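This text opens with one protein chain seen in two forms, each one given by itself as structure tokens under the names structure 1 and structure 2.
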Structure 1
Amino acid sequence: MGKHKLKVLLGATALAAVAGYASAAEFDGITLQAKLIGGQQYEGLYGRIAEWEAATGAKVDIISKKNHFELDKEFKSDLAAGTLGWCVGSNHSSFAAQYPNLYTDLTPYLTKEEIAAYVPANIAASRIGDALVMLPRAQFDVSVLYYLKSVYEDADNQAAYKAKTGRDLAPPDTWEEYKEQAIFFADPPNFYGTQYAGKDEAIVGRYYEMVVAEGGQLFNDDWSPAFNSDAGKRALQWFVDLYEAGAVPPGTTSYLWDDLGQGFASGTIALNLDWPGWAGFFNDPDSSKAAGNVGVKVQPAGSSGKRTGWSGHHGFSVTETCENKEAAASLVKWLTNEDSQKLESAGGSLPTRTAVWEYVLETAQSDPYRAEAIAAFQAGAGHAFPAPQTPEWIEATNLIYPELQAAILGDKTVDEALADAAEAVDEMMQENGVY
């Protein structure tokens, strides 16, 4: 009996060794070229590539490392020039729809169980039509409300707000209340109630989620513009009112994410709708004057009762022209597997696998601030929706944002700005043959 057991054990060990050897040689001699997003918060994960190389025998040659806007330009140049010899590329749900033919469908390389391990909403946003064009990494983004606790704890503020509105001062749950409080807190040029991204895709994304929260849509089903509506006007009016009241810094129309993050960290902004990547930064005394004073809450709701939730996530894709799709898909799986996602989400970013969400919540319990932030983001993720999935999205944002700015700065009325933007988008969609 004992001998028999030993034999089985030996046999199993030998099998495992052979299997291990086989998998080590699986992609021997293959070199995959990759174009990946660069930046401090993204680099940690790339350390794991060496482990995948050791396990499979393949080599990864990172031939380009840039931010997404620069990568986007490079991908477009590659498509135009036909220089598509590389295999693995960083992708983003807001950009993916622009290159429908660049990336291959990953469905044949994954089992149903493997796909089911990702958060279903993230997988849905990783598809173009039926094709699964990327696997989501632990860089999921949805914005929630960060606020300075001190302005709510201040007795004078509480009394004055009660006298003014008849309500108790507490972090807002609706965008109407948010606006009211932002105007109430503002004391320019030293302190502002809030701020918002003021240009490029960023402001259009913010406007888009506000339109949805007001019960409207940015586009109709045929992709004709739908934002020149009552909901669209109410949404834009919100931005205009804050600007006119001096509740936001006057330069907010030129701000992008970094300016907003630095602004809130300077302790001169009371309320800030922002991304998960900033959670650690805001509460770190080395980087933020607001450290120890930051509260985090699920994002407010619009007049329709819906909450804002424009979201996006990073992912990895395999090109249609890749000669070793199997190896490339294996790398992409590796970079988004449970261990990879645990590693990345330890840095504060949000995972896209159900099991890793549970792990993150569990490990955050010892730190009250992190637990508060993770709970807010988990609640926020429940209301998330992706950017409009059309190749024309970025081009549409470039037509819409100058008009939004014109209304905010008073060059045009809300009605004029939205009418002009809708006309420009309609013309572009027709010219591009969308309808």
Structure 2
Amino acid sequence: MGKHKLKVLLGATALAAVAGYASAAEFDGITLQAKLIGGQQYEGLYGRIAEWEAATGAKVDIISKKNHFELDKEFKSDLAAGTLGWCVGSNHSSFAAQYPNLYTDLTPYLTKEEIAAYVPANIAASRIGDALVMLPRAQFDVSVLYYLKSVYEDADNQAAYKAKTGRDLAPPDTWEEYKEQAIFFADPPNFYGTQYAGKDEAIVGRYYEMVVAEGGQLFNDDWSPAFNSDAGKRALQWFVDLYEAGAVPPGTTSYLWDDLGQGFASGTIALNLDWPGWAGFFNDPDSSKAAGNVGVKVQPAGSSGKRTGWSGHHGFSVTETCENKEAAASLVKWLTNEDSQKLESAGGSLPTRTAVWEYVLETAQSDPYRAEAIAAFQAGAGHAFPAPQTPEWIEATNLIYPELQAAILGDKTVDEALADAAEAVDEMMQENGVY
């Protein structure tokens, strides 16, 4: 089903759906302030807010719309300053543990049946202790491999690769082969073999999953740093080698997710590890020069045989200080209900409701590209693992990423960068009383 037809169908049933748990009289005159994640893959859902407003009589004032790294800074500033007059916020399973006092327990506002409709693993990861602090939206994230089919179908590439390596040219199944091919395909400044997010939690998450794929771990059981290891050094060397070879754009150390999405859609990147929410965008001729030329397969494996799989999910939360929690919970339920998740998953993102998974699998069968993408993400999800479940995760990433950048840019050796990062994280963990 096309996006337009799906929106029409959802809109036609909107009032009836909202009426199932909210009445216009109940929320008439209420205005909820919200801080929501922005970006191409997230904003299509927000069109449904107007439908909720029309059905309930309430209004939503979006007072901030930024990427989650910037939202994270705002949330911490609001907590420190006590400026928590807003009610609804975007949340993420990788960030949630930092905010134990920011968001309210949503359990009183849902029935057991409503909670049971979400995928159990996603609901479990939406809790802090016993408190259900967010409802998952259709944005379950694990990254798999997108690639340009044309670079593999090109006869000259096939012959040159065979001559160079003795192997047939095919999409990579290991990270070593991925690096080799990215360097082989690169023709800067017009074409690059690959790219990666190069700052903030984004690069640390990528590094984390590479460390795991290399057989290591980021932290020990007591949360002391474990990444200054042979596995950690091999993982960081992968990033360094690609940068030094000119296989990635020179600005990659400043890239975040939207930069990567736009980069692959430009048709100038051969290989791209990325999230499911980009699948539809990449194959849409209105937004992507790569449309019709995109292949999707399970993410590669490291030298240990393990595949990368750092994962998490987005959701919506209600602040503890919200004066209209029932209305806010109604909005959060609306933005994560079946119709909302069908709308979001039409663009390629993965749902967090069991019934919507069944719907997505059924509807994908008539679209070969979408079926290929869903199969890749199903396989990828089998290798998924969460970000380290510690409140210090984001603070640790803020200490680690400048050191990773220093190694990539050649300002420090891999050994120096990881030693300095480990020392900084160890000091922070001790100062925070973790051990």
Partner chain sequence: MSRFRPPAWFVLLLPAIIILAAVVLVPLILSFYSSFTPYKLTRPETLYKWIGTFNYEKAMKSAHFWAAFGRTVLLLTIALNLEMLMGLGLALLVNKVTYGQRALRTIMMFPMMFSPVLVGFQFKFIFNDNVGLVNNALQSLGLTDRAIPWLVDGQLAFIAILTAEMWSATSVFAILILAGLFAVPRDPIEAAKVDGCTPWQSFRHITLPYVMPFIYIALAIRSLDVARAYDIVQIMTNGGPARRTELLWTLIGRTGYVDAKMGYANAMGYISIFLAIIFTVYFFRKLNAARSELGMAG
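All residue numbers here follow the sequence of structure 1, with the first residue given the number 1. Throughout, rigid core stands for the largest set of C-alpha atoms superposing within 1.5 Å between the two forms. Just so it is clear, the model here is predicted, and its values are computed rather than measured.
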Where is the form predicted together with the partner chain shown, in structure 1 or in structure 2?
1
Would you say whether residue 64 is displaced between structures 1 and 2, judging by a C-alpha shift of 2 Å or more on the superposed rigid core?
yes
So with the core overlaid, does the Cα of residue 235 end up 2 Å or more away between structures 1 and 2?
no
What is the rotation of the smaller rigid part with respect to the larger, given in whole degrees, between structures 1 and 2?
22
Keeping the rigid core fixed, what distance in angstrom separates the two C-alpha positions of residue 331 between structures 1 and 2?
7.7
After superposing on the rigid core, what is the C-alpha displacement of residue 108 between structures 1 and 2, in Å?
8.8
